[in-house]
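The chain below stands alone and is given in structure tokens; this is the form predicted on its own.
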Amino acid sequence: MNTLELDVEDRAIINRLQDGLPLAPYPYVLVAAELGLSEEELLERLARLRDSGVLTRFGPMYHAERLGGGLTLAALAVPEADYERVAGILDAFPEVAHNYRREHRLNMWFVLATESAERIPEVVAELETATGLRVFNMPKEREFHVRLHLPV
């Protein structure tokens, strides 16, 4: 758990950046000016928030399929005794974006992102071989865009 105290500026930065960056040659200059900060102060605070673990990821979100890549949601039914071992196997695959536990028969869910759509079934097969478990591949049928903003 992170114990870093967030001051007013930190909260303003987090809240503002959840709305994205302006498409401009110097977006941080513009955001810093909105917040009454210098660009240097904004970047230093962002670095501190990342280094302290308050922000675990700060970066662009790409639409993998529009870039020619593959993307799918998948799940495994992992015996509890093997959970950590299987999680370690998944973590070693660069195509696994992240995995997480769910309270369900399919208790390990993860996202696969590949350089091509054709690579998805190949990676699924590799994961099945590596884990000894069936991978339930659930490719996207329809896309919904849900804006998530978590005010702090």
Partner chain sequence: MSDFTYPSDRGEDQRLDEQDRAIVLATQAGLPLVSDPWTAIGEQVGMNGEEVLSRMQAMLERGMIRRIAAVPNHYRLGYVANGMTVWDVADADIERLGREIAAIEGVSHCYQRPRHLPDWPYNLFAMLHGRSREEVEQQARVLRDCLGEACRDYRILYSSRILKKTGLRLAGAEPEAANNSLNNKNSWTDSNETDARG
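All figures in this text were calculated on a predicted structure; none of them were measured in a lab. In this text, rigid core is short for the largest set of C-alphas that superpose within 1.5 Å between two forms. Residue numbers count along the first chain shown, from 1.
FYI, the form predicted in complex with its partner chain isn't displayed, but the following is about it.
**Student:** So in the predicted bound form, does residue 21 come within 4.5 Å of its partner chain, heavy atom to heavy atom?
**Tutor:** Taking the distances in the predicted bound form, the answer for residue 21 is yes, it comes within 4.5 Å of its partner chain.
**Student:** Since only the chain is shown here, I'm wondering whether residue 132 would be in contact with its partner chain in the predicted bound form (any heavy atom pair within 4.5 Å).
**Tutor:** Looking in the predicted bound form, residue contacts with its partner chain do not include residue 132, since no heavy atom lies within 4.5 Å.
**Student:** In the predicted bound form, is there a heavy atom of its partner chain that lies within 4.5 Å of any heavy atom of residue 126, even though the partner is absent here?
**Tutor:** Residue-level check for residue 126: no, no contact with its partner chain.
**Student:** Does residue 38 reach its partner chain in the predicted bound form if we count a contact as any heavy atom within 4.5 Å?
**Tutor:** No, residue 38 stays farther than 4.5 Å from its partner chain in the predicted bound form.
**Student:** Using a 4.5 Å cut-off on any heavy atom, which residues of 23-38 would contact its partner chain in the predicted bound form?
**Tutor:** Result: 23, 24, 25, 26, 27, 28.
**Student:** Superposing on the rigid core, is the CA of residue 21 displaced by 2 Å or more between the shown form and the other one?
**Tutor:** Result for residue 21: yes, a 2 Å-plus shift.
**Student:** Has the Cα of residue 42 moved 2 Å or more between the shown form and the other one, judged after a core fit?
**Tutor:** Yes, residue 42 moves 2 Å or more.
**Student:** Establish whether a shift of 2 Å or more occurs at the C-alpha of residue 31 between the shown form and the other one, with the two forms superposed on the rigid core.
**Tutor:** Yes.
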